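One chain follows as structure tokens, the form predicted on its own.
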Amino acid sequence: MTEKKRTTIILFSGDYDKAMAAYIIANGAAAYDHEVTIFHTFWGLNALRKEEEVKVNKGFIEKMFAKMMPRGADKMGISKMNFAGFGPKMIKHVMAKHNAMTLPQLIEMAQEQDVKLVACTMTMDLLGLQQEELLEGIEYAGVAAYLADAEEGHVNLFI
């Protein structure tokens, strides 16, 4: 019996196109029977935010972060040619024309394939994010947990 391959991805970027790349790779690796972990840190946590506003008790700085960050994967900007939000509309139009999956659909597929989605607890503390504001079915851990997964990884990526 062969050892199952492992793929780990750190999703640091909050850009729609970069998050899509991370999830496309994760879903592909899972389809090839890899154990896959995506560790969401800093702006990558926006991919895990719920779209609807969740009432939680926050301080002033945390409220400011919450207002400035996109709420949910579908609200993230793209890395190039954002053009005040017009760029994401253009790319989503092209994706729909070619029947490409959206980022929220890729996230759902990852969850269906048992990709381990991890939110960085240290970054959550820094940005004032609370578990209630993030998607259901994800895990919460610090960098040590990611490093334990990555140590066994055959493929380790930083996006």
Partner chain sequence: MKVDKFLDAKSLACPMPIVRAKKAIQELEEGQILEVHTTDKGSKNDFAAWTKSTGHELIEVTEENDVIQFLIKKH
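Everything numeric here is computed off the predicted structure, so don't read it as measured data. Positions refer to the first chain, counted from 1.
Below, we turn to the form predicted in complex with its partner chain, even though it does not appear here.
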Interface stretch in the predicted bound form with its partner chain - options 30 to 38, 120 to 128, 60 to 68, 47 to 55, non-hydrogen atom within 4.5 Å: 30 to 38
4.5 Å heavy atom contact, residue 148 to its partner chain in the predicted bound form: no
Non-hydrogen atom contact residue 93 with its partner chain in the predicted bound form at 4.5 angstroms: no
Any non-hydrogen atom of residue 24 within 4.5 angstroms of its partner chain in the predicted bound form: yes
4.5 Å heavy atom contact, residue 112 to its partner chain in the predicted bound form: yes
Within 97 to 121, the residues that have a heavy atom no more than 4.5 Å from its partner chain in the predicted bound form: 98, 99, 100, 101, 106, 109, 112, 113
